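Given next, in C-alpha cells, is a single chain: the form predicted alone.
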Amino acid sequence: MAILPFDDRDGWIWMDGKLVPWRDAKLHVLSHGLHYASAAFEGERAYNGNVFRLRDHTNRLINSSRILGFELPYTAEQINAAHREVLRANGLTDGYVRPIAWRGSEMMAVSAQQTSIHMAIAAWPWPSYFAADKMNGVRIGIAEWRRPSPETAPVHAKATGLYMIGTMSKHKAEAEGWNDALLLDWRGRVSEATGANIFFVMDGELHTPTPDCFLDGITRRSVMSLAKKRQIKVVERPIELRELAHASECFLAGTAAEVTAVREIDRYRFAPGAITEVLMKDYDDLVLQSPEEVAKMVAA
C-alpha cells in the first residue's frame, strides 16, 4: 500500500494562530527547533469529535515548553479551541492530533533568547499503532540506548530531543524483527517502550515503573485509575529486568498504542490475559465518553 507523505496531502494545519493549507505549513531550514531540539510536542487522539483529556495534554505542552525555557504565545483556552478548529477543518471526528511548539530562526546558536515561539497543530486519520496485535500481543526487544538520568536531560518534558533515543531504538528493533523496543533507564532498570509506558501483571497485581526519568503518561494515569476502579492493586516501583520472569501479563499504554498486549520481551514470555483484556476494554469505553465524564472517571 502506498504511503501518503506527510508533506504532500490535502488538509489544513493550524499554524501560528490561523489555518493554512497543509502543503503550505512550512518553516525555515534554520529554525532553532530543528538544529537544537528546542521544541515540545504532544501526541493526542480524538474520539467522537473530542480530544481525549485535551486539557491535560495542553497543560503538559505548556509545562514542557516552560521546562525548555519558553512561554507559548497562546492561552490554554486558545490552544484547545484551535484543536477543535483543526478537527472541523479536516472533517475529522476520530484521528491523531499533533500540537508542537518550537523556537524560530531569528538566532542560530546554542543561545537563542531572542527567537520567536511558533506553534502548529495538525490532525489526520490514524488507527491504533499496533492494530491487529493489540490483544494478540506485540514482540519487544531490549534497546541498547537508555533513558537518561533526570540530572542530564529534561526528562519530564515531552521534548523532541528525547525522542531521538526512541527512534534509534525502534529502528534497530524493527530491523531485528521486533515490533518495538524496551528502554532501560540509566541504572539498568525497566523504564518504558519507545513511545508508551509499560505495565506488568504479577500475582494478580499491576506493577509499573516509577516515572522518575520518563513521562508519567496521560494514558498511563488513565489506565491506573481504571485498574483501581476494578479493585486491581496498582504498584509503582523500581522494576529490575530479571523480575520480568515473574510477570504473567504485560501491556503497553500510550496515546498511539492505546492499550496493547505484549507477548514477548527478549527472552521473557507473557500470555495476554484477563487483566489486560478488561483494562483494554475499559480504556476503549473511556475514550468514547464526553470530556466531563472522562474527568469524573479518572479523578483520583
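Because the structure is predicted, anything quoted here is derived from the model rather than measured. All residue numbers refer to positions in the sequence shown, first residue = 1.
The next section is about a form of this same protein that is not shown, the form predicted in complex with a small molecule.
- Gly33 falls outside the set of residues with a heavy atom inside 4.5 Å of the small molecule in the predicted bound form.
- The shortest heavy atom separation between Asn197 and the small molecule in the predicted bound form is within 4.5 Å.
- Put simply, Glu192 is close to the small molecule in the predicted bound form: some heavy atom of it is within 4.5 Å.
- Among heavy atoms of Thr208, none comes within 4.5 Å of the small molecule in the predicted bound form.
- You can rule out all but one of 269 to 277, 23 to 31, 230 to 238, 54 to 62: in the predicted bound form, only 54 to 62 has residues with a heavy atom within 4.5 Å of the small molecule.
- Listed residues Leu215, Ala122, Ile165, Ala112 were compared with the small molecule in the predicted bound form; Leu215 is the one with a heavy atom within 4.5 Å.
- Proximity to the small molecule in the predicted bound form, taken as a non-hydrogen atom within 4.5 angstroms, holds for one residue of Lys170, His118, His83, Arg147, which is Arg147.
- Taken together, the three residues Arg139, Met202 and Arg263 all stay farther than 4.5 Å from the small molecule in the predicted bound form, as judged by their closest heavy atom.
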